[in-house]
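Only one chain is shown below, in structure tokens, and it's the form predicted alone.
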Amino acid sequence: MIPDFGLLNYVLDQSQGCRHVTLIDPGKQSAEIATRRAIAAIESGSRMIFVGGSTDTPDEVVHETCKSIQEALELQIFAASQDPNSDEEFWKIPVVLFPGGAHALSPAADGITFMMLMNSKTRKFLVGEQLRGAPYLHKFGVEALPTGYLVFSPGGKVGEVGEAELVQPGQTEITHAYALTAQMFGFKILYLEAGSGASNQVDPNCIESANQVEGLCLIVGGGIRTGEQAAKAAQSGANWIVTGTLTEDASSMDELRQRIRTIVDSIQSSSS
């Protein structure tokens, strides 16, 4: 559900400090469970939902998940409109594709992180998948969020499949150079990724280095499991922090809510 002042403006808005994204992988759960997790995440403070992650999930599964989440959000907005003590705006949360390739698209999404995997060694992830997907996105009317994507060690599956020359901890100069390159390409967003389920997060010094480049919104994900780790990323300059494995591993919706609240509280206290 796109906020009233537009998706890109919403993502780039820094007036609220660092915010949290919940990543939902439709390849690892049914659309029903994904929707329940998305609603619980929003209740707990997530301000955007990413749908994607797995590299081999067909578009039918991605679309079913996006559609189900959007329908649940519409119901929440309607319910809030009938309650004078509720705020409809609270539920106007964008559902954004975080695709593993041109196959994982859906017209039910509000937007897509239209990414160049900047440190890939293969043309496929620099421009090839984008060429395949662009005509469909144009037809669907899904808004593209221009995003540079940079994979850090350990990289996980995305580093392996994307044939990335991983950025290592302490490589602040190359991180800064990538950030400058993203800015010069006209990207509005730079996504710093350690990989799904990574053993460690993106080096905070590298986040600080990227943050020195003006005009870039920094999204940071991978390896963030604790409030302390989230706070480090926020203090280093992250505008958005993404967690996915954190919710997938939760044994119940109550545990999921608690985990996300802990992350959100840590982000807000560190960026206030």
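Residue indices: 1-based, along the sequence shown. Note that this is a predicted model, so its numbers are computed, not measured.
Beyond the structure shown, there is the form predicted together with a small molecule, which is absent from this document and is the topic of what follows.
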Note to self: Can you tell me whether residue 45 touches the small molecule? I mean in the predicted bound form, with a 4.5 angstroms heavy atom cut-off.
What the structure shows: no
Please determine whether residue 193 contacts the small molecule in the predicted bound form, using a 4.5 Å cut-off between heavy atoms. yes
Checklist entry - Contact between residue 245 and the small molecule in the predicted bound form at 4.5 Å, heavy atoms? => result yes
Heavy atom of residue 23 within 4.5 Å of the small molecule in the predicted bound form = yes
In contact with the small molecule in the predicted bound form (heavy atoms, 4.5 Å), from 103-111, 177-185, 125-133, 194-202, is stretch 194-202
